[in-house]
Each structure stands twice: as C-alpha cells, then as structure tokens.
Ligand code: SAJ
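Take a look at this one chain, the form predicted on its own, written out in structure tokens.
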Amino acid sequence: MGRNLGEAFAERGPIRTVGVVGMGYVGIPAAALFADVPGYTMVWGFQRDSPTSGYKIAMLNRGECPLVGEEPGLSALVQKVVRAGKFRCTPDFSKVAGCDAVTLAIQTPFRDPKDLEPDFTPLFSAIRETGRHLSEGMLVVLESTVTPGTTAGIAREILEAESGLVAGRDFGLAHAPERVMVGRLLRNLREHDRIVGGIDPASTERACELYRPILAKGRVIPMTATAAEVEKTAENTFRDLQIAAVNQLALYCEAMGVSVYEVREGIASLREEGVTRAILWPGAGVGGHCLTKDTYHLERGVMLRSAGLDWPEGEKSLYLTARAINDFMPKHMVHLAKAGLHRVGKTLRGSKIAILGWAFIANSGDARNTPSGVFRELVVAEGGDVSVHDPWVENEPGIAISRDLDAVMEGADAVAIFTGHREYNALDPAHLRRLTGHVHPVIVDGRNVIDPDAFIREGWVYKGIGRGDKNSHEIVS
C-alpha cells in the first residue's frame, strides 16, 4: 500500500516556508501576516512583472506597501517583515518548489454576468505556474472566490496535470476564502473566523495548521472544499441581498413621500431575544470586486448541478433580483439628477455634472467596479458634461479625477455624491453654491452625508436616495 497524504505531510515536517500568489488587497496583507509568524521562516510573494502591476515587486522589496487608501498597520508590517528578511516579492515561480504551502488570491471577475461565465484566465494561469513546481507534501490553497466545485474540480485537474502528482495523496488542496474589506485588511485577517475546506480531511487539517498562527481572535471553521466555496459566495450574496432590501425600501419611501432613514431607525429599534432586524443602509449603488460578482458564482454553481434543484416554477432567483436592484441604483441617481434639473428648467444635455467620489467605498482609493462609473457613462450618453472629484483615488485609466473640489464645482449645474468620504461630511452649501455660479444648483445625495435642510435653505434643489420627505421641497428664493 502506498504512502497516504498524512504521511507525506509528516515527512515534510511543519510548515516553514509559505508562498502567496497575487499581490493585491488580499495577498499583500496575508503575506505580511504569514511573514510575521515566528515559526514561518520565509514568505515569498509571487507577482507577475506585467506593465500594469509589475511595479509592486520593487515597491514591496523596498518595504513599501503599494495599496492606496488607509490600511491601519499594513505599511509598518510590510516594512518590518522586509527588514527582517522574512518576506520577498518575486516574479520567479520556480521558488514555489521551496514552499511548504502556497496560497492563491487572484481576482475572478465575470466577462458578462448574463451568461454566468467567469474569467478564470488569470487564476488558472497562476494554478498552472504553481503546479509546475509542486512537490510531494506541499499544500495548495485557493483563496480566490470561485464557483462552487472549482477547487475539487478544474483546479485539482490542472495541478495534477502540471505536476504529475495526485491531490489528496501526494499534495494537499484546500479552499480558504478571504473575508476582508478595504480599510480593515489586517484586522479582518486577524479577527474574522477563517473558513477552511480541504478536498479530504488531511488537506483540511494542514490548511488549518497554516492559518491558525495568524488569527488573533477568530477561530478556524473546518468544512469540505465545496462547502467553503458555497459559504463564501453565499456570504457576499446575503450582504448584497440585505443592501438590495433597503435600497428597494428607499425607492418605496421616495414614492410614498417619507424618509427611509426614519423608517430604518424604527425597524432597527426592535431588539429582543430571538428577534433581529439587521437592516443596512441604502445608497447610490454597490461596487468593489466581491459583491458585484459573487452572486453569479453561487448561481453558476447551482446551474452546473441544476438537476438536483427543486424550485417554484417560473420564479426568478431572489439573489439575481437583488443584484438587479443594486445595479439599478446608479441609474436611479441619474433619474434624480434629471428630476432636479427639470425643476429649474434644465436637462442633462448641456449641463455640467460634478461627481463627488469615485471610490466605491468611503475613505479608500479602491475604485473597482465603482457605481460612479455607471452614472458617468449614462450622463455622458445623454449629453452631459461630467467632472469628477475624489480626494482618495490617485488615478483611473481614461478618467480625469481631480483633488481640487473648488475646480470641480465651478460652473456645475448639478452635483452627485457617490462616496461617503469624510471630506464630504462638512460641505458648505453657501460656498459651493457660489462656486457653481447658479441661483439654484442641484445636489443629489447618494450616501446621506449632507444636511438636506441646510442646502435647501441656501437655494439648492435637493434630491436624495430614499428622501421622499425632502425630494419635493419648495425651492427657496
């Protein structure tokens, strides 16, 4: 009888050298935390030397963090582990051969959500590179969010084909989905419970061994690889569903002439044992890499196994409906802007529209899949002239983004607030109105960051998500 996987791990010994493939919002903080574990002697960060992201290699090796936005403690930790000689970034995948465990954190977007076909090209390429250098007793962990069934399916097939080894016998394979949010990466990795699912018990236990040392508060929750894939996609699908529920409520409140924020406060006030009303906040749209696509991974996983699904005939997926509502919110912002302009005798065509906030999340420079982009395209398509302000986003290909608020506001017929950056919490309505040069400029608040009455008193035409109580106010002369 041949050696089993547990024996292969035992022969290799404790995990000492770790590889992290993909130096992005997940890979960099994970690599830094692994490198800070006393028992781990070396961590390799693998990053392709491409024209768009190759610059990260030199930055990281100088001890500099290339991520934009505030990430408490991350820059200092990267500097610490580089100076200690425990972390190095490289494009050379041959160094995988010296690793005891390798994690992969590569983005998995959809080319077109309508056909439920994800773009796994970068992930599969990284899996192939890893497989070429696998040896017995190694552990491979997918952290990327994937369609349920991917780890034990095509990922396993690629690794076995490239290495000539057998998963579950010669090397371990697991899925341990990342659970982080921009602005709190280190805290999330240390404190959130870690979902770990192997293709077999030995792989699961080895992956648990890998992650336990970086957890300060969270616990490891073991399960199967496919269950872990479902957990991650469902986790984000449920959050998207919660956002859609309050966005739908906001649209209802607008139609009925009441404030969604008053209604929300009442709903959230009901608290007793066994009763929860976990209601989120409405807004101008959902952005980022995760919530905008993870529902489609979950739906695709079911679609591939649809023979076993019992479902009410003719009914659409609740989750896909939620996605449609959240995708609609930037378009609704256009509708509010048009309604506001109509009140002062203007149309989008020929009007100057100032967008405040390009990042998809407050106090961050992360602009992936930003709702602001959808709004901008729709306004431009109708003949509007758009300028963009964001104090956090450094650059965006093809988009001129200014950090000079006064310049962006100059001559604006309408202003749309898309991001709840702290810089927008204290906007001066009198100063901004003077900058626009208009008696009655329009402001559309997509994040509830301004005081409607203060702007209305200053002559602004106010429109806000869920503000049925204010959206038809009298215009103050």
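We number the residues from 1 along the sequence you see. These numbers were taken from a predicted model, which means no experiment stands behind them.
Absent from the display: the form predicted in complex with the named molecule. The rest refers to it.
Contact between residue 48 and the named molecule in the model of the complex is not found at the 4.5 Å heavy atom cutoff.
In the model of the complex, residue 447 approaches the named molecule with a heavy atom inside 4.5 Å.
Put simply, residue 86 is far from the named molecule in the model of the complex: not one heavy atom of it is within 4.5 Å. Contact annotation: residue 254 falls outside 4.5 Å of the named molecule in the model of the complex, judged by heavy atom distances.
Comment: 231-239 is the region of 206-214, 231-239, 132-140, 164-172 lying near the named molecule in the model of the complex, near meaning a non-hydrogen atom within 4.5 Å. Judged against the named molecule in the model of the complex with a 4.5 angstroms heavy atom cut-off, the residues 184, 281 and 285 are in contact without exception.
This chain is displayed alone, yet in the model of the complex one of 180, 199, 101, 81 has a heavy atom within 4.5 Å of the named molecule; that residue is 180. Proximity to the named molecule in the model of the complex, defined as a heavy atom within 4.5 Å, holds among 298, 374, 243, 152 only for 243. Taking a 4.5 Å heavy atom cutoff to the named molecule in the model of the complex, the contacting residues in 358-390 are 360, 361.
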